[in-house]
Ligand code: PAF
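Quick heads-up: it's one chain on its own, the form predicted on its own, in structure tokens.
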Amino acid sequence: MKVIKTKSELADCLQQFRNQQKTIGFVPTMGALHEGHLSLVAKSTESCDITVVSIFVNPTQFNDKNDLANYPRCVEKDCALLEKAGCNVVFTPEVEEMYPEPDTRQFSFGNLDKVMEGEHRPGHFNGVAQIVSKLFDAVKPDKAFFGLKDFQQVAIIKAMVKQLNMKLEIVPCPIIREADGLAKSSRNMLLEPQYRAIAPKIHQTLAEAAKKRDCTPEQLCQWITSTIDATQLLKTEYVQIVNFDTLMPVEKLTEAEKPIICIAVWAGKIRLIDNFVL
């Protein structure tokens, strides 16, 4: 496994594989890897000849400087996990390598980035689009793999690929959960014990909500919020039921509406997101 820090060295390395007609799969990450990330690596190694993983904590997608400063960083441990998982190339650039000058591009995604995460984290998805487009340009993969825990992000990246006319396939992959149902996340390691103990309540509540098909979306969102917030340790930031494809609010909980519940919850100082397809 090669660990590469510059775009020029990465380009030279990957061109050798392309000359051999090898397909390239790509998993972009911010590090602090867990089984969710490794499941994406596994999908890539199954369907592509070469797997590239990037580890880069992207400053432009953080609208909270404390969140950026506190984001867990453990590159050596991550690389050991990736080598064991069959990764071929790890790209670990410095900020100056990815942003030799400020990226002033502004992306337009219509309604996709105006709701849920976009509403509560202004500028977040523009930052995501900036870095992912830069990484796609650097790696030029045939396929890129993303976890559906970040459901809205997958929709944004698909839209970005279409806008920029990039020739690659975006492969969404299932949420990987802890044994108690909590969605795997790099932020989980920052949870204090009392919050980690109660955090599975998020998924449990969404699973219970899926059985309440006689409610309106508004009633169901109110029930989810009150159930989670009743724990005292958790505080719901938002819960919305939207169409799986358009992210527009649904009027009825029917298969035709393709509803998915998306939620963000504060567990102390740590913000957790999850979703559940109805």
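Numbers follow the displayed sequence, beginning with 1. Fair warning: this is a prediction, and the values are worked out from it, not measured in the lab.
Omitted from view is the form predicted together with ligand PAF, to which the following refers.
At a distance of at most 4.5 angstroms from ligand PAF in the model of the complex, all three residues Gln61, Ile131 and Phe146 contribute at least one non-hydrogen atom. In the model of the complex, Gln240 stays away from ligand PAF, with no heavy atom inside 4.5 Å.
Taking non-hydrogen atoms only, Ile224 never approaches ligand PAF to within 4.5 angstroms in the model of the complex. Interface residue remark: Asn88 is not counted as part of the site for ligand PAF in the model of the complex, having no heavy atom within 4.5 Å. By the criterion of a heavy atom within 4.5 Å, Gln152 is excluded from the residues contacting ligand PAF in the model of the complex. Contact with ligand PAF, judged by heavy atoms within 4.5 Å in the model of the complex, is confined among 241-249, 205-213, 27-35, 225-233 to 27-35.
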